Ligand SMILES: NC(=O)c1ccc[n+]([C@@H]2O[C@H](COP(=O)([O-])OP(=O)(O)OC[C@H]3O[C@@H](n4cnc5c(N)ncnc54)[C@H](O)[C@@H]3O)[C@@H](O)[C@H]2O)c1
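Quick setup: one chain, the form predicted on its own, written in structure tokens, and binding and motion questions come after.
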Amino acid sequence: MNVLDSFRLDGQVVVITGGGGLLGPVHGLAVAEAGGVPVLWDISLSAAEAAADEVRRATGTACEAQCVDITSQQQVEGALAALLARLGRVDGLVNNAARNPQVGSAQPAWSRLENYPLDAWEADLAVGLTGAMLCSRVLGEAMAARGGGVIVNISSDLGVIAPDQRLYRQPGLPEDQQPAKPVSYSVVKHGLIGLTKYLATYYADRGVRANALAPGGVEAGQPEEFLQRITSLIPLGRMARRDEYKAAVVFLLSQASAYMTGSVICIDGGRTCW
């Protein structure tokens, strides 16, 4: 096979969770540009439909939108049944959904470990880990039954390293009031790498591969002070653009990565080198 042809996803149906969020629409665009059919799952139907419209306008190809609460196995199974009835197949899954408050949106007092609300912890793990497990279990079985498929888990550079809490500090606040990156984010992103390795070995003999992408942060209107701090920790001197992970997602979903499973690709501008 020609090397460029090995990146094609022609006719392949790929489900992307969190499809209406920051990166979901871009993952969908990548799949469509490679010839595949993205199916955007989001708990907000309006967000999923808006993202699907964005993909259709940009590529002129099909893109589906479904309202799915991925923390409910019943909803995941129902969405898959509807998808199969309409499209007849599923070839890939991108576990992209996550809860991640924007920098500056969290109240300093409750973002700290000693104060972090249990309901926030449980909600973050429900979406980021339980949802990823349920989608992998339900869609993984469907792909295995057809002879194979691919699961891509979207982790983070903070699934490889710990958060640098100095990035979030605010001048003039006492130590016990300084904001922090929530503990649940680290646990979810590290957990997705563990899930990846589990799925890779569990499904290896049934033709389903599983890999993880650990992206660095994407610039999306964060406060200027935060941008200055974080870019000082990145060898390339900037945060990522939304479209800079498209090629990696296509690589992981396609035959270009056919001999790869249980691995993590870290694309972070070099941050984890330091």
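Start at 1 with the first residue shown and count on from there. Owing to the predicted nature of the structure, the values given are computational and were not obtained by experimental measurement.
Keep in mind that the form predicted together with the ligand is missing from the display, and what follows is about it.
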Answer option from Ala210, Val37, Ala52, Ile70, heavy atom within 4.5 Å of the ligand in the predicted complex: Ile70
Stretch from 136-144, 153-161, 200-208, 168-176 whose residues place a heavy atom within 4.5 Å of the ligand in the predicted complex: 153-161
Site test, Gly92, Gly262 and Val264 vs the ligand in the predicted complex, non-hydrogen atom cutoff 4.5 Å: no
4.5 Å heavy atom contact, Asn100 to the ligand in the predicted complex: yes
Ala258: touches the ligand in the predicted complex, heavy atom cutoff 4.5 angstroms: no
Partner contact for Ile43 in the predicted complex: the ligand, 4.5 angstroms, heavy atom: yes
Val218 within 4.5 Å of the ligand in the predicted complex, heavy atoms: yes
Residues in 1-33 close to the ligand in the predicted complex, defined by a heavy atom within 4.5 Å, in order: Gly18, Gly20, Gly21, Leu22, Leu23, Gly24
